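The form predicted on its own is given below as one chain in structure tokens.
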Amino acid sequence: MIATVTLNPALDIILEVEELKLDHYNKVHNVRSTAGGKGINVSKAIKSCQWDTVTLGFVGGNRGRIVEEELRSSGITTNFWHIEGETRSNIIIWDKKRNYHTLLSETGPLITEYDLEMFYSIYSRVMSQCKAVTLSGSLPPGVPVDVYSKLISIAKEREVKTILNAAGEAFERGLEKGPYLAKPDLREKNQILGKNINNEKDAIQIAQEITQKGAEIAVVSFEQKKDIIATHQELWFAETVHHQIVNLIGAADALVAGLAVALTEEEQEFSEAIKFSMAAALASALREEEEFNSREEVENCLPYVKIKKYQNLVKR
């Protein structure tokens, strides 16, 4: 089983408009909602890859109930701690004419010290049943920035592979405990470890720095469809070459899911794990929804993934 942690889940509400006009009347043609948050998105993709998955975190109120019921109905095991506050909502405005997706994200409910203690207890028990765990997304109010650091330590004590996908200080503190894989979340700004990522050279330097700081594997995305993957011994470039991209929201989470699945299926070569993860991201990006529905969709995308191994590690 692969676990996912979403400390700040959301109920995603998608509003479809023909063309978004700022400071103007806009008619919504369709509304739908779905359970969201980075780790939850990862669990959905893992389930579609035919792996059992359990998702952990905090939920509360009516939105939290809706999130939990949806996940259970799709066959995803949930083990949330229930809080007094209300689970946040995310508003996604889909401009169909220009195919723009605008995300409006709430901060999230307050998490108390007692809530956090109960979550740690649940997490510790679940780790005894898992091969890997992904730690994804933003932190709600009340959660300390070293939370991922502690979760990595607990998982490593039980020999569970950890995949860290976060931003800012929470990401940097997590690196200190040596996650198995680390991928910075670049949604809010194209910067990590105090450096901007504008091109391939920048991505290579950051990926190598992430491994130097403790991660066994680093994945750094740039220019939307390209990634640098670094280990202590190897350096890879990967990109998708399909041109019919529909929706990039959720593609990064699908990539994390693909990595979790492929690296847990230990019979795969590392190069094949890279290709599978990129194909998972592409499968997500080719759909209007944020996730694909089957492993077959991922496998169909494999021919559109190009990877190359650098002959020598790039010197900084």
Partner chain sequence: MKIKDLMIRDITSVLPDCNLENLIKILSRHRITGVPVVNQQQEVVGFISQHDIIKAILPNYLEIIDSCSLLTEFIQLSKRLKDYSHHKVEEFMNTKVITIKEEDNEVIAADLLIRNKIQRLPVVRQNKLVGVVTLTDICRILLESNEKNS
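Positions refer to the first chain, counted from 1. Source: prediction; values computed, not measured.
Keep in mind that the form predicted together with the partner chain is missing from the display, and what follows is about it.
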**Request:** Answer with one of Ile83, Ile192, Ala215, Ala230: the residue that has a non-hydrogen atom within 4.5 Å of the partner chain in the model of the complex.
**Result:** Ile83
**Item:** Among the candidates His29, Arg65, Arg287, Arg32, the residue which, in the model of the complex, approaches the partner chain to within 4.5 Å (heavy atoms)
**Value:** Arg65
**Message:** Using a 4.5 Å heavy atom cut-off, which of 271-279, 250-258, 38-46, 57-65 contacts the partner chain in the model of the complex?
**Reply:** 57-65
**Request:** Please check if Met118 has a heavy atom lying within 4.5 Å of any heavy atom of the partner chain in the model of the complex.
**Result:** yes
**Prompt:** Any chance Val126 has a heavy atom within 4.5 Å of the partner chain in the model of the complex?
**Reply:** yes
**Item:** Contact flag, Asn79 vs the partner chain in the model of the complex, heavy atom cut 4.5 Å
**Value:** yes
**Asked** Looking in the model of the complex, any heavy atom of Lys131 within 4.5 Å of the partner chain?
**Response** no
**Prompt:** Looking in the model of the complex, is the partner chain within 4.5 Å of a heavy atom from each of Asp52, Tyr114 and Arg158?
**Reply:** yes
